[in-house]
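First comes one chain, alone, set out as structure tokens in the form predicted alone.
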Amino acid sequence: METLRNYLKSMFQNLPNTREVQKAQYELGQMMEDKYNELKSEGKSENEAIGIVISEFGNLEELAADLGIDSYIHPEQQAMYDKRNITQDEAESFIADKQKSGVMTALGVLLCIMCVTPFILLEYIGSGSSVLGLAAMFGMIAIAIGFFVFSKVYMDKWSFLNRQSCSMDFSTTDYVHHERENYRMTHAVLITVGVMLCVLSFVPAAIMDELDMSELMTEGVAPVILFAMIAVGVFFFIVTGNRMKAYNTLLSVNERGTMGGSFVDSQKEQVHYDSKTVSAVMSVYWPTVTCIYLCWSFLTMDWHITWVVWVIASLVEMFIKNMNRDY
């Protein structure tokens, strides 16, 4: 019997020390002992009894399912069932929270873009007004940072989507898919309006300059209108982009090769960059473009020309995505 006990311990020595494994070891030990005693009572020698017991109970992989430790013996199979299931209520809540987060982020970006407008306006009101302009500018930046921080903290409860392996059942995937398809028209409209606002943002300034209006209007009000149009356009980009990202994130939890993963052909439509360098650059692409646009505009005051930065940047982004698209 001591030989069987040692053999039993060697079978379980590499498994985790959990209650399930301990229970399985005890049950298998009882079965081996009962079989050994039965064979001995039938007149078998000790070596014969041990050999028969090991031949019947010595393969842990064959007994794992009956003992309830299949997940420890075949972890790659169990991993398929250990995914966190996202219910339809959770999917609806995530979409709503993502949209709220998008609005807060968009408001922060809007304030960052508009933060220079008080300085521009007050510069033409009178002496000392520039100080108030600077104070207003930094105040708007502070509020914007507050929006960014609040948005990040607000979405922390959904961070498990990035850390943990998740899945959605057929009905929830079907619901998210149809919600996304129904939203496509609104998404297209908001993107179109946003692009038009950015492209046409120079028009008010050009008209004022052509009409030879006062310096306050051409040098003060016109840039404010320009920044406002761009800010609203970017606001639309971020709000609608966040909502579409919510749909795509949920539809991407089911891996390819699974029933859920093959339900929607476009579930993996997000762009994955082959190069880590390209991925890092694209993560700060639009903030960099905005910075370049503002620096060029303020240094040259050629607002009627600098708007082309947005068109060029969009074309460059489209080219990079097409060159690095991986579905």
Partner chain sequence: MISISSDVIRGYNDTMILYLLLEKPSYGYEISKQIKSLSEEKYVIKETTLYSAFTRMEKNGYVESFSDEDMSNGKKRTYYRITEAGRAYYQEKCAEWNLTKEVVEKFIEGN
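Residue numbers count along the first chain shown, from 1. This one's a predicted model, so the numbers in the text were calculated from it and none came from an experiment.
The discussion below concerns the form predicted together with its partner chain, not included here.
Looking at residue 63, you'd find a heavy atom of it within 4.5 angstroms of its partner chain in the predicted bound form. In the predicted bound form, its partner chain sits beyond 4.5 Å of every heavy atom of residue 48. Shown alone here, residue 34 lies within 4.5 Å of its partner chain in the predicted bound form, counting heavy atoms only.
Contact between residue 300 and its partner chain in the predicted bound form is not found at the 4.5 Å heavy atom cutoff. Annotation for 35 to 59: interface residues with its partner chain in the predicted bound form are 35, 38, 53, 55, 56, 57, 58, 59 [heavy atom within 4.5 Å].
Annotation for the pair residue 166/residue 61: C-alpha atoms approach each other in the predicted bound form, by 3 Å or more compared with this form.
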